[in-house]
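Encoded as structure tokens, the following chain is the form predicted on its own, with no partner shown.
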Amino acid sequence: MTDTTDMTECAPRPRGRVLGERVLGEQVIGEAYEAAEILSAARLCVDPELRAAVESLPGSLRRIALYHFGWEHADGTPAAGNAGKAIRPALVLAAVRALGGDPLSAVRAAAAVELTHNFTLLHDDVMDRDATRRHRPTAWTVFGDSDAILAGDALQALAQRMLAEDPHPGAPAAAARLAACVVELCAGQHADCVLESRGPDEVSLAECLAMAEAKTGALLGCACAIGAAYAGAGVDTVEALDGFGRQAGLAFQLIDDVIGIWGDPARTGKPARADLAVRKKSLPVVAALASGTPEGAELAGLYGREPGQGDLERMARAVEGAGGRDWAQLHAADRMSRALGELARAVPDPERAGGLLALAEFVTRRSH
């Protein structure tokens, strides 16, 4: 690929001042990077690879993918849209750096992970009938179900092709891990669909947590593990970073589920109480349903009928009154603590781990 991007810009720069203190294991470290800078740097160096991959698609599929990433409007004219936060590719590059490797050697792998993530988004939006993503209509609402699904399939194929064509010695292991992750993602989505078909009192927290790990934790763990593989790390380190990503991913999902009920639509790009409107059995909801409280019983009744005027607000109050919101936030903190334990095992030097820690804290401390 020919590109004029200065790849030295892909690395976040250490700040001249301490931006805050974070606890990693028994040590307190000065956080030398801001997550926003790490994400911006990752987007800067991964976007050219993503654009080149998408531009290689046949015309009809290319148009849908360019729209999905926010690079074109539905009519094909250029758009300066939002392609997402780049959390997963940033994790790949941060893991390489934390283990002493060259992040620039893993840009293709980071792009492959981002393509895989967007393949799941295109499919999930169809299955969940989500009408809005990143503050504009989802691809299926513009192009139809079949076209959105096929575009997602194409992105997944592009991800595997990028790794197959990458001469880096870590690429074969990364390709195998990413393929296994896709299978796990599909199993997690299937479990989600099965849970949604059950009654409000027929879903357990254990099932929901297992589903969330497969749907969300698996790809974050895979991103970190691929970064470790590109850094030439041993098996134990690769698995520890996979564990770090999985636990951080569960914390991410817990917070995301909170945002799905109480997030600000102006910041989330989705309608208020979006998860409640579709009767989603998110983790705060299931925790509330299992609480044995009067509010939990009220929520079960509301979930079992067609929505009426004011029901969404009543549901939100019931989830909070039954302790679902508090449970999700406390459990997110617990998962973050486990993630830090895995990170300390993989990267004992807290200064080297700073980038990964900043990203993990970003996804678990966001409010929208």
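These numbers were taken from a predicted model, which means no experiment stands behind them. Start at 1 with the first residue shown and count on from there.
Omitted here: the form predicted in complex with another copy of the chain. The next part is about that form.
is_contact(T293, another copy of the chain) in the model of the complex, heavy atom dist at most 4.5 Å: No, no contact at 4.5 Å.
Partner proximity in the model of the complex: V182 to another copy of the chain, non-hydrogen atom cutoff 4.5 Å: Residue-level check for V182: yes, a contact with another copy of the chain.
Residue contact check: L150 to another copy of the chain in the model of the complex, 4.5 Å heavy atom: It does: once another copy of the chain is placed as it appears in the model of the complex, L150 has a heavy atom within 4.5 Å of it.
Q156, heavy atom within 4.5 angstroms of another copy of the chain in the model of the complex: Although another copy of the chain is absent here, Q156 would touch it in the model of the complex, with heavy atoms inside 4.5 Å.
Joint contact, T237, Q329 and V363 to another copy of the chain in the model of the complex, by non-hydrogen atom at 4.5 Å: Result no, not one residue of the spot touches another copy of the chain.
Proximity to another copy of the chain in the model of the complex, single hit among A83, V258, L209, A175 (heavy atom within 4.5 Å): Exactly one residue meets the criterion: A175.
Contacting member of M336, L66, L57, L312, with respect to another copy of the chain in the model of the complex [4.5 Å, heavy atom]: After the contact test, the surviving option is L57.
Candidate stretches 158-166, 268-276, 221-229, 282-290, one within 4.5 Å of another copy of the chain in the model of the complex by heavy atom: Of the options, only 158-166 has residues within 4.5 Å of the partner.
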